[in-house]
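Single chain ahead, written as structure tokens, the form predicted on its own.
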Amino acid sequence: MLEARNISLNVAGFSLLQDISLRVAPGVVTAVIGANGAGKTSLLRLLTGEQKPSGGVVTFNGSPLVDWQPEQLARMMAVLPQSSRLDFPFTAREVVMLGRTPHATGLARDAQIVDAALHAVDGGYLDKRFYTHMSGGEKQRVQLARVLAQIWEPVTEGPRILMLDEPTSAFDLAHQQLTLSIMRSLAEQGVGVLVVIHDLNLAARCADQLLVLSCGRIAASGAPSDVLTSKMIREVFHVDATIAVNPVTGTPLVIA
């Protein structure tokens, strides 16, 4: 699906990423974790084609990412950055409708998808509200609805990918849980999901695979139960932690 092979990134003489290899597979949620400055957002930029790697290659469906036309990728790959600045008084519906731009499904079908995407993020009541009048959490939910609308339906060109950079940072507890449910639901539909996230317990609950970055290198990767250890957390985050089992989900529970 989407694969990075031995990619690196050097900027202004500094090495930000070194020898990173990973796959974003259909139906799998992969969470990227690590301390601030570990290279998580830089990795996302390489995987989305926003930035070219200094070494190595990123491929999509077996072809180099650079060989794909932007409009082709936009029909299969949606990206939610940490923040999305928009200073124009668009309504929530107009913002979400932007996600349908790469498609030619017609206004009637696009309107149905926008309604469904807003409902999925608990944002139906925002439909006619101006984006500039919303809270930070409401804006992020509208942006999440936009990227969901972008990959709402399967396309003939290839599988779908959703990449999220800190999607829950502006959310309250209820909407954090809703976002986890959305990611799991998409994976069940065969969508490959890559999420950059700081909360280790949220990562453990939503991810099939964890990738730990430290100083631009992979420090650990694998299933959450294998990766989340006291030793790893001490070495990467410089925090002493106990690893328990979440009594509800059965996933690792990090107690710092």
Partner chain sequence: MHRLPPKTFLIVSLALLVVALALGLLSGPVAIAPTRLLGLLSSGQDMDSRILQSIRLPRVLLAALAGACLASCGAVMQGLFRNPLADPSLIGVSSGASVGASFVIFFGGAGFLGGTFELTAIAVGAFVGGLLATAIVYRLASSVTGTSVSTMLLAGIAITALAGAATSLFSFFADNEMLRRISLWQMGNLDGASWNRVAIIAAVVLPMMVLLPREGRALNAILLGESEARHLGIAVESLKRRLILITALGVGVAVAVSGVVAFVGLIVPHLVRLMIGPDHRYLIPGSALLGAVLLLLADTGARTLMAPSELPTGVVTALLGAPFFVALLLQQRRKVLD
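Keep in mind it's a predicted model, so treat the numbers as computed, not measured. Positions refer to the first chain, counted from 1.
One more form of this protein should be noted, the form predicted in complex with its partner chain, which is absent from this view; the next part is about it.
With its partner chain left out of view, the stretch that reaches within 4.5 Å of it through heavy atoms in the predicted bound form is, among 152 to 160, 176 to 184, 114 to 122, 88 to 96, 88 to 96.
Proximity to its partner chain in the predicted bound form, defined as a heavy atom within 4.5 Å, singles out one entry of 48, 41, 201, 221, which is 48.
None of 126, 77, 164, 148 but one reaches within 4.5 angstroms of its partner chain in the predicted bound form through a heavy atom, and that residue is 77. Residues 169, 205 and 229 are none of them found to lie within 4.5 Å of its partner chain in the predicted bound form, as judged by heavy atom distances. Remark: residue 109 does not count among the residues lining its partner chain in the predicted bound form, judged by a heavy atom distance of 4.5 Å or less. Its partner chain is not drawn, but in the predicted bound form it has a heavy atom within 4.5 Å of residue 143. Using a 4.5 angstroms threshold between heavy atoms, residue 70 counts as touching its partner chain in the predicted bound form. By the criterion of a heavy atom within 4.5 Å, residue 100 is counted among the residues contacting its partner chain in the predicted bound form. With contact defined as any non-hydrogen atom lying within 4.5 angstroms of its partner chain in the predicted bound form, the stretch 184 to 215 contains no contacting residue.
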